[in-house]
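To begin, one chain is listed below as structure tokens, in the form predicted alone.
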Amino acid sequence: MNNKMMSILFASGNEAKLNELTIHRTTASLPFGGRYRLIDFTLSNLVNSGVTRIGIITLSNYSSLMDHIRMGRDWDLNRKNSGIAVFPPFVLNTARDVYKGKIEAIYTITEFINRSPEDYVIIANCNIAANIDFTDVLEKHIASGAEITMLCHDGMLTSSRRVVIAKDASNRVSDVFFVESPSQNERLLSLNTYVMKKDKLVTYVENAYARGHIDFEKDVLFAEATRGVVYAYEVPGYASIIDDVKMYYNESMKLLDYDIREQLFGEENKIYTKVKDSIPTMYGEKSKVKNSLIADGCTINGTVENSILFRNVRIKEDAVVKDSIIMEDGEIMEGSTLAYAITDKSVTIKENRQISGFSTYPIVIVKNKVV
């Protein structure tokens, strides 16, 4: 037996709750942390753990994702015998309709799974920001004797419909259930990432598909948890699921905390992204920058506080940006003020504009807009 792993990633899944941020893109290609896309974290974790055969199942608006991953060159995944395989949502679907859930999606690519020589498979969404060692996950999975290992972390129910886990002292899962209502109570939350033997996954999916089931969590995972064959692996350090606008804003702002950044980016295993040869950021004589993440290629002549600026952002004189996220190629003109705002790619804020949201309700300005 070989203990190597392959992976199946889902590029979509939360576009409805991310609203304006995913009108022009899939969740996997959502910018995060100044220079990254959400898929960068999962791809980097896999490559750092020696996983080089990765299937990505798409759903809609995936042109930006294809442009970003470029066959995986920046993650050393442009390989002859493995690498990245991208699957459209219509494979084996005679009705020419998109898949209705993870079970149907995985069923359509069982040939790809069966042809792969690896023994184990990782199933994951692409909206997770974390630094995960899947080699350790696999070792714990094998040692536990479980059929499924599900990754989880301690967190508050700040977003609706999260999968909550109950486990015993040996980390054996005793119950798994959905929680619909947000609360401030800290619980053990699923990261919607699973490790299991490849042939076991195929058996689960084929049996569920034959019975008309579509939801992997509800129709497979919940049932298996009652049998005592599911193991919980708690991810150490920072981990989050980005599944709505409020969560996106809150988790982005957490990156201004040095300790959080170190947990995510300061580990031995690095997070990689698409390389762009931008010039260093230029700071004008009148610029004031405080507690902010600034990507390369920016030009700052105004004030930036508690904010995240992506590549090639331009902040003109007397412009003030506070508690905001300005994505790539954004421009804030003279005399304008932004607070608690998220501006998508290539947004221009004209002179003397006043735009303000609130910490619990940031304003989102869609891609290419001129305000």
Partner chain sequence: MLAKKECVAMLLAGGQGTRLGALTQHVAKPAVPFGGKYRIIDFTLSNTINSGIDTIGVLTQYQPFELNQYIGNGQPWDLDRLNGGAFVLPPYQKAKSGEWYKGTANAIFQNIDFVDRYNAEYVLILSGDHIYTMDYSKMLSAHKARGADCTIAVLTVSLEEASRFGIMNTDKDSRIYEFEEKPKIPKSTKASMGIYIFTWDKLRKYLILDESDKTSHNDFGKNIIPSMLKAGEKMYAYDFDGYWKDVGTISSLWQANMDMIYTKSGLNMDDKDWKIYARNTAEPPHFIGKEAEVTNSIITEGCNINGTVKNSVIFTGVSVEPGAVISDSIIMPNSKVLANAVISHAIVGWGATIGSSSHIGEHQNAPQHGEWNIAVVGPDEIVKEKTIVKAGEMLGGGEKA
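Remember, predicted model here, so these are calculated numbers, not experimental data. Residue numbers count along the first chain shown, from 1.
Although not depicted, the form predicted in complex with the partner chain is the subject of the following passage.
Just one listed stretch, out of 208-216, 250-258, 130-138, 106-114, contacts the partner chain in the model of the complex at the 4.5 Å heavy atom level, and that stretch is 250-258.
This chain appears without its partner; in the model of the complex, the one residue of Ala143, Ile279, Ala166, Met156 with a heavy atom within 4.5 Å of the partner chain is Ile279. Proximity to the partner chain in the model of the complex, defined as a heavy atom within 4.5 Å, holds among Ser181, Ser174, Asn291, Thr203 only for Asn291. The shortest heavy atom separation between Phe222 and the partner chain in the model of the complex exceeds 4.5 Å. In the model of the complex, the partner chain lies within 4.5 Å of some heavy atom of Gly284. The partner chain is not drawn, but in the model of the complex it has a heavy atom within 4.5 Å of Lys270.
Among heavy atoms of Arg314, some come within 4.5 Å of the partner chain in the model of the complex. Contacts of stretch 294-309 with the partner chain in the model of the complex, defined by any heavy atom lying within 4.5 Å, are made by Ile294, Ala295, Asp296, listed in sequence order.
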